[in-house]
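The data below hold one chain only, encoded as structure tokens and taken in the form predicted alone.
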Amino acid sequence: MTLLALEGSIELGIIYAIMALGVFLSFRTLNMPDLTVDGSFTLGAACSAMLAVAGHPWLGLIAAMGAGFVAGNVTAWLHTKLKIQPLLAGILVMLALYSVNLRVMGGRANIPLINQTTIFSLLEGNDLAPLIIPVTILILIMVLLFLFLQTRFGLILRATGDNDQMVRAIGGNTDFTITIGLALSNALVALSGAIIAQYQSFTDISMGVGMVVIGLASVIIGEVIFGIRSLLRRLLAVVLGAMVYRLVIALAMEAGMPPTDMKLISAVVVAVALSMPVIRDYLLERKKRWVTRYGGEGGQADAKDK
């Protein structure tokens, strides 16, 4: 892998890590598969692009988070108030957001940002700008998220994902908790889309397709490789998992895989990551049997020789 490809993979991994933290909130903390992600990612990119064209790139990030927050609220409302299954609620909002995103983009399928002022213009002339700014934003989000999840409400949020009936039994409002959790999740996803739009200097209506798969891949790869012993370690695992995922994609492209196969590779990576606990248990069981059969016999043979 060339140095340029490695640098690009790390930069993208850092930006996608923000989206992965959002998926972590819904998928792991609330234990809810939220497909709103595909739509809210593009929504954030659309808001960011339109405001960047208007000369307000930083305001674009704030607007993107607000729009993602609202999208998450809608999904939560469909689930908590209308009792629609969370998976279906996410699909409905994702479909609706396709039309909303087109309206935000003025009816255009893509918006170029070439020669426009972006958040990276702040460090114009510095080759490390695409790395420094996303890293700064990511660290700030990680610190705030870590502190938030240790507050009383954060603990209730985590408990809701583990056992919502218990939370209701002690007087907790799980509907409100789910609403805030999904809203924050999609706000982070939209922020990631907003940064990606300005990083790659264009926004496309279909750029959010498969984002939920990328987010799941980052979360699962991070957990399998780096562990989940503590909250801080879980957050770091998600971030590092996003970088590992981008490196895997970059290696696949360096090996000659066509870009049209990237979604297939993503699906395979997620499938392998999801099956890692089963594979690990199988290998441990095989090793245990091997040691019992051959190690035990070897030990008995050594005892007889003595």
Partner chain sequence: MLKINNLSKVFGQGSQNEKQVLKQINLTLAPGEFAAVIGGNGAGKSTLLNCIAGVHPSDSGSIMLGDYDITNWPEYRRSRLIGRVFQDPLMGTAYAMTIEENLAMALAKGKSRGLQPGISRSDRRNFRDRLAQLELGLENRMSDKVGLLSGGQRQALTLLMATIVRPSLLMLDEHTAALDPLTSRKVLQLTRDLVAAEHLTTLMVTHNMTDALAFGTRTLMMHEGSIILDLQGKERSGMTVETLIASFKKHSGEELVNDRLLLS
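Note that this is a predicted model, so its numbers are computed, not measured. Positions refer to the first chain, counted from 1.
What comes next is about the form predicted together with its partner chain, which is not displayed.
Note on the interface: of 91 to 99, 214 to 222, 188 to 196, 168 to 176, the segment with non-hydrogen atoms within 4.5 angstroms of its partner chain in the predicted bound form is 168 to 176. The listed set 121, 150, 206, 85 contains one residue whose heavy atoms approach its partner chain in the predicted bound form to within 4.5 Å, identified as 150. Checked against its partner chain in the predicted bound form, the residues 140, 155, 132, 232 give one hit for a heavy atom within 4.5 Å, which is 155.
The closest heavy atom approach of residue 163 to its partner chain in the predicted bound form falls within 4.5 Å. Although the partner is absent here, residue 74 is not a contact residue: none of its heavy atoms lies within 4.5 angstroms of its partner chain in the predicted bound form.
Shown alone here, residue 113 lies farther than 4.5 Å from its partner chain in the predicted bound form, counting heavy atoms only. A residue is said to contact a partner when one of its heavy atoms sits within 4.5 Å of a partner heavy atom; residue 159 meets this definition for its partner chain in the predicted bound form.
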